[in-house]
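Before any questions on binding or motion, here is one chain by itself as structure tokens, the form predicted alone.
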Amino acid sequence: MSAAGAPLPDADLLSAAFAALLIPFAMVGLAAINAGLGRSRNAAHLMTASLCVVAAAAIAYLSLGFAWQGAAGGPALVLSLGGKDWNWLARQPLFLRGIALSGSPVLLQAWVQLLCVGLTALIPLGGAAERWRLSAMCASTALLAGFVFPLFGHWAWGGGWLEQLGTNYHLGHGFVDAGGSGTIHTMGGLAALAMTWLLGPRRGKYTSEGMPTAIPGHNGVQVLFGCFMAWVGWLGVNTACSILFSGSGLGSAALIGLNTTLAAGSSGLVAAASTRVRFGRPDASLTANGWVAGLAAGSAGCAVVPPAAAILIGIVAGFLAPLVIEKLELRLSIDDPGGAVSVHAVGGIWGLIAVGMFARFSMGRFANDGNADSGQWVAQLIGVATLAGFILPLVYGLNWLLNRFVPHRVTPEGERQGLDLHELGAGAYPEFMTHTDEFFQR
């Protein structure tokens, strides 16, 4: 089933299934980037947390989340407002009951959505790294996968009210997010922002005068390797999601792969060039952040923008990512070790807006939905406003409430010792001394 509810050809379903096999590489990439950008005394904890978070997301989504998100064209709660029908929530049974377990397009959608939930849940780990307890990570992930992601996922990918903006109010083709710039990246980045607010900065990050101090990551090679893995994985994410949720079809696969690569590559090059101009040498970690920002920005329009526009989208993302990282740290005291807010939230929002500026709706279901392209940018802005004005407060509120029962932040002693030893009982690099004196600045 496509986002419009029309059956997909078997060739498209088979292509989406093969593309989905690449998505775990994106998970490996994000986990490697998060761990590499942290200090060595927290490396094993971040990798272990990545495994646990993906598992918690899968179980929560299977148990509850899919019942809220559902599949396009499936049973849903529809409300009539102003003489128009608005699709608000799916009505699927819990634990995938009633869905054929062999040869079912609905099961394929559930699998891809489950993988996307896992990706989304990995993003906040980078923003809240080095001070977030493992048990709290898993509990927070269960809330994200069981409630928050399915809600917006249904609105954007399941035929929900955001997709209906085109038919109900003639706002272009409705909200378009082919590869997940909003559903995956922006949601994950906003969840990271909520957690950085709740947890506060790492100890030693800011001096008594409030000035940030540099806490470099421990393994740049691991971070850059993670970028390559993320690129491979997002080729699968964008292809599978575009086919299943935007009805792009197998014929768009080459364009999706081309645009994904061009957006990431141009963004990474601009990040490298801008840091060279500012610091005298390219910065490896900021170049990596620029690469992933290009993936985030290029995902929404990967199936509907020309390659030249994908390059432009990447250029803007590569310029924004290092700049926003610095501004958030210096002006707003947001301590985001992995750059999750700047890379995923800001990059994802720019990608959603870029669809309204550059998309050409001449392929897939968009060519036959009877809607004009005019007003598309308004639909995209409504989607962005929903993420910032509803999803962000919802994530913050749920985690604020969770913090009353399962405290998020580790103790000061645990943070000083390092989460590898404090929560796992063993370090990632036991043959090296991993403690430094930056802890005692404040």
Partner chain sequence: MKMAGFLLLLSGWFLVLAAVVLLRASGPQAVFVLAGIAVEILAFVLLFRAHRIARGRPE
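Residue numbers count along the first chain shown, from 1. Given the structure is predicted, the values throughout are model-derived calculations rather than measurements.
Although it is not shown, the form predicted in complex with the partner chain is what the next lines describe.
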Subject >> Exercise: residue 328 in contact with the partner chain in the predicted bound form, heavy atom 4.5 Å >> reply: yes
Original post:
Is there a heavy atom of residue 385 lying 4.5 Å or less from a heavy atom of the partner chain in the predicted bound form?
Top reply: yes
Original post:
in the predicted bound form, does residue 58 have a heavy atom within 4.5 Å of the partner chain?
Top reply: no
Subject >> Partner contact for residue 305 in the predicted bound form: the partner chain, 4.5 angstroms, heavy atom >> reply: no
**OP:** Answer yes or no: in the predicted bound form, does the partner chain come within 4.5 Å of a heavy atom in every one of 169, 334 and 393?
**Re:** yes
Subject >> Candidate stretches 96 to 104, 266 to 274, 189 to 197, 134 to 142, one within 4.5 Å of the partner chain in the predicted bound form by heavy atom >> reply: 189 to 197
Original post:
With the partner chain left out of view, which of 86, 225, 358, 319 would have a heavy atom within 4.5 Å of it in the predicted bound form?
Top reply: 86
Subject >> in the predicted bound form, the one of 62, 47, 381, 406 near the partner chain [non-hydrogen atom within 4.5 angstroms] >> reply: 381
